[in-house]
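What follows is a single chain, given as structure tokens, in the form predicted alone.
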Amino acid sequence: MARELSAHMVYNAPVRSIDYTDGIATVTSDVGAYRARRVVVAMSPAISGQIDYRPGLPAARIGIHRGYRMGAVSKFAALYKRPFWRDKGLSGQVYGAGRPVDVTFESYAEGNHILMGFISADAMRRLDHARESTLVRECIANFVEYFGPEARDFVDYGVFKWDLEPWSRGGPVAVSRPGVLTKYGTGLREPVGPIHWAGTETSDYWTGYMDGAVRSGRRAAREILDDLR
């Protein structure tokens, strides 16, 4: 798919505005402007409002932008030479108390076994601007609590703070405040001129997952094809 689409993909080009005043969408990015009969904005409602839409958006869509927020979430991964937790009959998956890791999964890559943990909500906000060494120390202590003292023998680690990343501002999925969908729900998927909305948050099934993202893409494509017939 990447090979087939590579000639039509532009990287490192954040979109700043979408102008549809003449019925044709003009998308202006940091590397240039592009014109199209239709545009699909496949972004979280929590951040798609950062784009400047001209001549503006309906009140329902503006309410969607203002009513959604991304979660404070980070991912911490510790690499090990062997999956010591399996010797104890453990799966590597935990639903914990969030001190600071609340969910863990195991994985494998390039000869290393991995314990990955999510840090979220208040625990993440507390650690957002803490020293990385503090975050690592607390996560490893949590792994020791979950899996035993062998968790201290990690060979490497990785941290990614989604909520400090400017192009996502959190994760894993946007959530709405109470009353937002009942008041502005029509704006979640309803096209605005040549602009169509996609992304996992707009799916009516498996919102927040890749499955929902694919479904939303198919739905937006159907909207466009039906419109152009």
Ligand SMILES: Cc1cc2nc3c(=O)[nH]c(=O)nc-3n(C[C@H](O)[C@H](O)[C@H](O)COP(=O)(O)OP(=O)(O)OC[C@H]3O[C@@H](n4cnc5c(N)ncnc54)[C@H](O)[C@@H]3O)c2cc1C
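The first residue of the shown sequence is 1; numbering continues from there. Please read these numbers as outputs of a predicted model, since none were measured by experiment.
We do not show the form predicted in complex with this ligand, though everything after this point is about it.
The stretch in contact with this ligand in the model of the complex, judged by heavy atoms within 4.5 Å, is 199-207, chosen from 199-207, 55-63, 32-40, 181-189. Relative to this ligand in the model of the complex, residues Pro83, Leu90 and Leu115 are all farther than 4.5 Å at every heavy atom. Residue contact with this ligand in the model of the complex: Gly67 places no heavy atom within 4.5 Å of it. Residue contact with this ligand in the model of the complex: Ala13 places a heavy atom within 4.5 Å of it.
In the model of the complex, Ser74 approaches this ligand with a heavy atom inside 4.5 Å. In the model of the complex, Gly171 approaches this ligand with a heavy atom inside 4.5 Å. In the model of the complex, just one residue of 141-164 lies within 4.5 Å of this ligand by at least one heavy atom: Trp162.
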